[in-house]
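Next up: just one chain, as structure tokens, the form predicted alone.
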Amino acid sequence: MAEKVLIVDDEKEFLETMAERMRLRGMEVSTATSPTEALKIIEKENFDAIILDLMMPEMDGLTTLSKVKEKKADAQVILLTGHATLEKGIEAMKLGAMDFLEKPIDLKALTDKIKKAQARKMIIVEKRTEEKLKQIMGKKYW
């Protein structure tokens, strides 16, 4: 099953290059050039991983991460930055980021992170489904 990924970055050339390289690896990739656009897409679709730039003019990646988590608590978000600091990395992890990586990114490393994100999301969905089944079976309406 192809990994479904959303890449959010205001640098259009970087965004298009990353999307093309990930599609060549068999991933289903959507893109957004702004956090506002990304949040609209996230309301309508689910993704295995959301790749989010830390520094964007409209809204920074940490604020966007918080808004993503409000909408989809289980979202697996990987922050990318060319301006990494320990403080930002810690803050990102506290807000629920799956990982915090520096640009330029090694595509193999990012691909591995996306596959881990997909696996984590599948485990969450399975647990949620099991809980629902237990609740249904516990009611004994039949």
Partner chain sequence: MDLKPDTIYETGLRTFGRISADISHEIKNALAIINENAGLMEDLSALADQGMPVEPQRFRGLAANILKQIGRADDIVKKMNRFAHSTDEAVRQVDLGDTAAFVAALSGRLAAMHRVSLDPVPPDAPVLLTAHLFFLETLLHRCLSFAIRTTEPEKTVRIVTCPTEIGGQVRLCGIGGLPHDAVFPGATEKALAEMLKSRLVTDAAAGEIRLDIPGDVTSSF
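Remember, it's a predicted structure, so these values are computed and weren't measured experimentally. Numbering follows the first chain given and starts at 1.
Missing here is the form predicted in complex with its partner chain; even so, the following discussion is about that form.
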Next on the checklist: Please determine whether residue 67 contacts its partner chain in the predicted complex, using a 4.5 Å cut-off between heavy atoms.
Outcome noted: no
Checklist entry - Just to confirm, residue 41 within 4.5 Å of its partner chain in the predicted complex by heavy atoms? => result no
Item to check | Touches its partner chain in the predicted complex: residue 24 (any heavy atom, 4.5 Å) | outcome: yes
Checklist entry - Any of the heavy atoms of residue 115 lying within 4.5 Å of its partner chain in the predicted complex? => result no
Next on the checklist: Only one of these stretches, 70 to 78, 24 to 32, 90 to 98, 44 to 52, has heavy atoms within 4.5 Å of its partner chain in the predicted complex; which one is it?
Outcome noted: 24 to 32
Checklist entry - So which residues in 29 to 66, when you check its partner chain in the predicted complex, have a heavy atom no farther than 4.5 Å from it? => result 55, 56, 57, 58
